[in-house]
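So this first bit is one chain, no partners, the form predicted alone, shown in structure tokens.
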């Protein structure tokens, strides 16, 4: 198994988690495809990139950020190949790798912007509830802590893969006051919460949020307790295909993650994500600022179009 195949397997097996980390891994897979390429001609290199893009884009079904990044970055790489007819193969490969590394730097800059906007949104002192693990969310919380805000965090454990433990451990190491609770134990904390902050795997044209299963219930509990609900989401997580009526696919994971050997006659449902309606969301914290759900598609499409130009 080559290193690209191994990386894609790690994404499928959830060894790489979080939409942003998956997208970065996708860019890394493109870089490795180019570095390991044995193509003798520019046409062969372009064909390898197209084939790799198709494999990477579909490694996980509910990952529009990965798909958007693959379209933009690989299309740009192919345009570089076509636009440099006299360049040698080695020179072209160096240019493409450099361009792909620039995409990773852009993602890091976006992350820094989101952390800044999100930290400003948080109260000087208060309780934040979160769910699953999102490097974007932990970036905001750690930035707020660094800025001197007295933030306590309640993390839902996030069954069946326990991603909440990752969040709790990361924040505790950063010095925050952290409590881990069972998923449905969150109601007792919501009555004292100031804010709910979650990540995003996808955002639809209507502003609905696709995120780790349990997010929708959390949003409803927040609304019942008059607690604001925000999602931290880079604009590349918007799925433009939903403009045309296509529904975001909800990945169904292996039932054995929930119950390895269930009794005969028991069916196990293990959806990885659920949909939270825009009406439960106060805003999306993006690299462009805090955007209401109804306006997200306009802002996101502007950025995606600019990236393709």
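Since we're looking at a predicted model, the values are computed, not measured. Numbering follows the first chain given and starts at 1.
From this point on, the text means the form predicted together with a small molecule, which you will not see here.
For the chain shown here without its partner, which stretch in 199-207, 98-106, 170-178, 69-77 has non-hydrogen atoms within 4.5 angstroms of the small molecule in the predicted bound form? Single hit among the candidates: 199-207.
Given that the partner is absent here, does residue 156 sit within 4.5 Å of the small molecule in the predicted bound form, heavy atoms only? It does not: once the small molecule is placed as it appears in the predicted bound form, residue 156 has no heavy atom within 4.5 Å of it.
4.5 angstroms heavy atom contact with the small molecule in the predicted bound form for residue 19: Residue 19: contacts the small molecule in the predicted bound form.
Please check if residue 141 has a heavy atom lying within 4.5 Å of any heavy atom of the small molecule in the predicted bound form. Contact check for residue 141: no, nothing within 4.5 Å of the small molecule in the predicted bound form.
Wondering, does residue 135 line up within 4.5 Å of the small molecule in the predicted bound form on heavy atoms? Contact check for residue 135: yes, within 4.5 Å of the small molecule in the predicted bound form.
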